[in-house]
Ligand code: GLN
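The chain below stands alone and is given in C-alpha cells; this is the form predicted on its own.
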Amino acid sequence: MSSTSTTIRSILQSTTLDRVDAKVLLYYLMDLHYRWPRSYLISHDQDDLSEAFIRDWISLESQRQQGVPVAYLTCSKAFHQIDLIVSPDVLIPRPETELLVERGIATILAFIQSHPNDFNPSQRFNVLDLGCGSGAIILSIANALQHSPFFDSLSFIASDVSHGALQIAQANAARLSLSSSIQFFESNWFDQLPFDHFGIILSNPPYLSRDDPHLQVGDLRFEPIGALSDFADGLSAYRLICSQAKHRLISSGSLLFEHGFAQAQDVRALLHNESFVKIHTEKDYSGLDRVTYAQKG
C-alpha cells in the first residue's frame, strides 16, 4: 500500500464528521461500489479505494458538513423493522413515530378481539394514514400484520397532498411487496378520498408553528416545510382532522395522532370538543408526550 493511498481507515482517521455518520456513509458507498458487506469496514479497512469511491466520499462528506441529513444522502432510513426510501420530498422517519405505529397495531388487534364477527374478506376494516409522506406509518403497520389470519379483512389507505411524497410511498410499498395491499390517493386530507367509514385513522400532521425555532436548525432545515409546519399555530391540521374524522369513523372507531411534546393538552381538548371518548396520551421513549388517541363517541 502506497503512502498516498486512500483507505477506509485513512478516511475515518481524517474526517471531521461524526463517526457514526461517517460509517453510515461508508457503508452506503461500500455497497454502491463493491457490494461489500458491512463487516468489510473492519476487515478491509486498509484496501485501496477506487477513484470513483473517493470522489463520491468527498461529495457526501462535503454535503454532510453543510448539514444535509445522512438519510437524504443515502436515500434510505430504517424504521420499525423496515427500510424506507427517502428523499427531500418526505420527512425523515423518526424513532418517536414508532410509538404511533405500535399504538395503531394495538388498536387494530383490540378491535378484532372485541368484534370478531366483523372481520371477514367481504366486510373490510379500513385503516387510513392521513399525510402519509414516505409511507412509514401505514407500511409498518401492514408489514407487521401481513402474516395475520385476518390480514385479508384489512384495507390500507394512505393519502398525501404531495405528489412527490406519494411517489416515494408507492416505491416503498413496491419494495416491501405491499403494493397490492395499500391504496394511495393524492388528497388534501379527506377532500379527494373516495372512502368513508374507517375503522382507524392515524396521522402525524405538520405541528410546528410558523415561528418555531426548530425549523432553523439541524435536519429540519432540509426537510419539506409543508410537512413540518402549518404556517399557523401548529394545531390547524388537528382541528380539521378532528372535526371531519368523527363523521368518517365507524362506531367505536379510533383516531390516533402524533404531536409535539407540548401539544398533548391542546390535542386532547380538541378531541373532547368533538365528542371523542376514551382520550389518552402516551409518552415516547424520551418520556415526552407524543401520541394521543381517542374513540368515536
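Computed from a predicted structure; not experimentally measured. Sequential numbering from 1, following the sequence displayed.
Not on display, but discussed next: the form predicted in complex with this ligand.
In plain terms, the part of the chain that comes close to this ligand in the predicted complex, with a heavy atom within 4.5 Å, is 222-230 out of 78-86, 222-230, 138-146, 168-176.
Although the partner is absent from the chain shown here, none of 102, 201 and 291 has a heavy atom within 4.5 Å of this ligand in the predicted complex. By the criterion of a heavy atom within 4.5 Å, residue 91 is counted among the residues contacting this ligand in the predicted complex. Taking the partner from the other structure, this ligand in the predicted complex has a heavy atom within 4.5 Å of a heavy atom of residue 208.
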